[in-house]
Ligand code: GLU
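One chain comes next, on its own, written out as structure tokens in the form predicted on its own.
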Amino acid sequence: MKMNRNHERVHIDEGNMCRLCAAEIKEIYSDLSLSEEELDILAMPRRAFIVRFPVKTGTGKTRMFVGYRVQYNDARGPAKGGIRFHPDLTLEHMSDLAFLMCLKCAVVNIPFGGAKGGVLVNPKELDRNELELVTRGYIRAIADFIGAFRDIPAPDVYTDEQIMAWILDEYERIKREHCPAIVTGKPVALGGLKARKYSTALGGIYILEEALKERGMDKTGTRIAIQGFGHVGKNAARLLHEKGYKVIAVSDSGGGILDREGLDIPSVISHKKTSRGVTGFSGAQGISNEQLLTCDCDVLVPSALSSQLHSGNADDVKAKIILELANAPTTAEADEILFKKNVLVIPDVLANSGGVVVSYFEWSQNLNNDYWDEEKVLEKLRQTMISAYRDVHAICLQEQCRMRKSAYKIGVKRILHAERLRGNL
């Protein structure tokens, strides 16, 4: 469904549209006075397809696998987005994530569109050899639709730099040429960047530090709680601890821990390695994930699942700033409640965009057969993130609106401007 000029819902091709896009664009529809043509361009992905490919498993039997890829919009540059291996993948969900990726690239002003894809599989049920065969089979199935100037994959849920190396190798075998820019998040030895592993967390921290300055909050007195202790959350905790912030609470799927004097994050990381969870850490109070979200802290960092902050708990949130390192951790209802409480919510399309920014640096260097040292990468990441934050925050102040709304406005305007320059509007 979409909206006409009278804000009434009118029918379009529901089977192909992005429902998340329709819901999010509704928030800025009136302010931007979007035409029906502009809404149509935004509401549906340019390309979305399903592939099926055979793989001979370790038992010697052939098994058919299903893969997806959605290229949402490429007006600003080649599509860019992760590949995930997960048993619950759907084409609709891939479309939602590709839309968010498209917005994210526009908000931080890098020349990419948005994409997302993956294979419908539980990687925990595959051995390493089978995982490689599935990866290579998927790339053979989509090779004609990706490329350094068409669609550039990257790591996502249950995929890593080794899988990106297999993608690179299989694609180069098919094309019979060296083309490292086809994929990002690769091992450093194959043209990847060391900073890519922690760039999502660090990019968010650069933005958080700007927000703290805006609010006159001092580093030493700032108490931080982090929900999620996976790749992003763990790196965020580690980096914040190294910078001198007081991380008072962290959690993972098994529960959380709290120490109002500040957790020793390196010791927590070591504890999780041995016990496979953060709970039971010596000297810390055990808490639930729900209690972490409403604990007495200054900054809350959701870095786990979607929809963790909702109408049922938003009123109880005590944090002054929320840094969304997870994708869509705050529902629309919670966003409204938090805005009325004067809580600054730094939205995911801005807060967790550090990964794609460093992916852009990797892609650029691969195309130029160049390599930057880590210090240069981090400085350019800092500059890009701070510039994006200031662009979004300026509109936020000018229009007295939520930061999410201002970020979406910037992203949508930049995408439509590119479409207009191309003559599509």
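No experiment lies behind these values; they were computed from the predicted model shown. Note that residue numbering begins at 1 and tracks the sequence as displayed. Between two forms, the rigid core is defined as the largest C-alpha subset superposing within 1.5 Å.
Form predicted together with the ligand: not shown, discussed below.
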Please tell me which of 347, 355, 192, 118 lies within 4.5 Å of the ligand in the predicted complex, judged by heavy atoms. 355
Which pick from 74, 156, 169, 92 sits with a heavy atom within 4.5 Å of the ligand in the predicted complex? 156
Which among 172-180, 78-86, 124-132, 236-244 is in contact with the ligand in the predicted complex, heavy atoms within 4.5 angstroms? 78-86
For the spot marked by 104, 184 and 196, is every residue within 4.5 Å of the ligand in the predicted complex through some heavy atom? yes
Within 4.5 Å, heavy atoms only: does residue 359 come near the ligand in the predicted complex? yes
So, residue 327 and the ligand: in the predicted complex, are they within 4.5 Å at any heavy atom pair? yes
For residue 85, is the C-alpha shift between this form and the one not shown 2 Å or more after core superposition? yes
